[in-house]
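Next up: the same protein chain in two forms, each one alone, written as structure tokens (structure 1, then structure 2).
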Structure 1
């Protein structure tokens, strides 16, 4: 018997006669948050990332100001190409979650490949206010599992030394977020 058939047969025997269960979904699937932008900004800041909240019209100038003099990868635009020598990367995102201060990339237009937002030491991400949802369930509902997804909550960190959080191991040590309103 193949390993596959044997494992499946063992499972069949193991659970024969066991009761199935209903899944209670009494948890919150949506929340009323008065100030989504404010909550998201506060939670991103909690991870010691840098946050700006700006009217959409001022965002391009702000990006230029921040990236001036840096070798930046700009997915979909002109920019530095070599991953290893780039100073940073500037991207958009797919969804952002206020309650947890998370940005999610689905690596669609403007978001680059997974490596582009990983190898350089600095990541600047622009989030549109209408991309911010209140909690995790709404984010899951908006995302497409067929795409590779990267959920980012603050800069790279470790808790491996005496269980205290230290920012910056292998991923970008600096995360900067512009919320465009």
Structure 2
């Protein structure tokens, strides 16, 4: 008998005859937040991202201002396509989570591929106010689990070595977010 089989047999003997216990599954699936845009902007800012909250009519001009002079990848557009020399990427998102300040890409139209969003050192993401939900359960309900999902909470960072924070190791060093209201 292997060690695994022995352990499982001991567990089986220990729980033999025990009554089934009902496990409550009433998890919180929604949360009321008065100002989703404000909370999302605050949380994204906490992650050291640059945040702009603008009326929808002002967003195109702001994008032009931000990307002027940069070689930018614009998924689905006619922008720069060489990942190795691109300065950054401009995307939309599938959903954004106010509670955690997280942006989720499902790589649908306007969101590019994972490589396009992880290789360049700069990521500009445009989030519409109606894409912001209060919490993770609401975000998951909006997403297709069959699609590739990229969850972004601020610029890429790690503290793996001696707890020293290093940004840009696994993705863009700079995240800039425009929230379109």
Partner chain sequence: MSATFLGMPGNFPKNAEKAVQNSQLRFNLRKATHTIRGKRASVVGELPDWQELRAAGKAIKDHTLRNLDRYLVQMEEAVTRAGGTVHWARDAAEANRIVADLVKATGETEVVKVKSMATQEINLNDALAAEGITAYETDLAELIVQLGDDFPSHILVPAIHRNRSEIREIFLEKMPKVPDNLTDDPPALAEAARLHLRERFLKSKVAISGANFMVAETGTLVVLESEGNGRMCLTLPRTLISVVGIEKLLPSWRDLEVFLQLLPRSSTGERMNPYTSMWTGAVEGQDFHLVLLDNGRTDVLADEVGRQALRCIRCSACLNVCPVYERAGGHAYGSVYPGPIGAILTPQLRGMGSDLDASLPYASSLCGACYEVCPVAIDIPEVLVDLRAKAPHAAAERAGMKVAGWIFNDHTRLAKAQRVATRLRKLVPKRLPGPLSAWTDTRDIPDIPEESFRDWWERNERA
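Rigid core here is just the name for the largest C-alpha set that superposes within 1.5 Å across the two forms. Computed from a prediction, not measured in an experiment: that's the story for all the values here. Numbering follows the first chain given and starts at 1.
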Quiz prompt | Chain form predicted together with its partner chain: structure number out of two | solution = 1
Quiz item: On a core-based superposition, does residue 173 travel 2 Å or more at its Cα between structure 1 and structure 2?
Solution: no
Quiz item: Does the C-alpha of residue 26 move 2 Å or more between structure 1 and structure 2 once the rigid core is lined up?
Solution: yes
Self-check item: between structure 1 and structure 2, C-alpha offset at residue 161 (rigid core aligned, Å)
Solution: 3.6
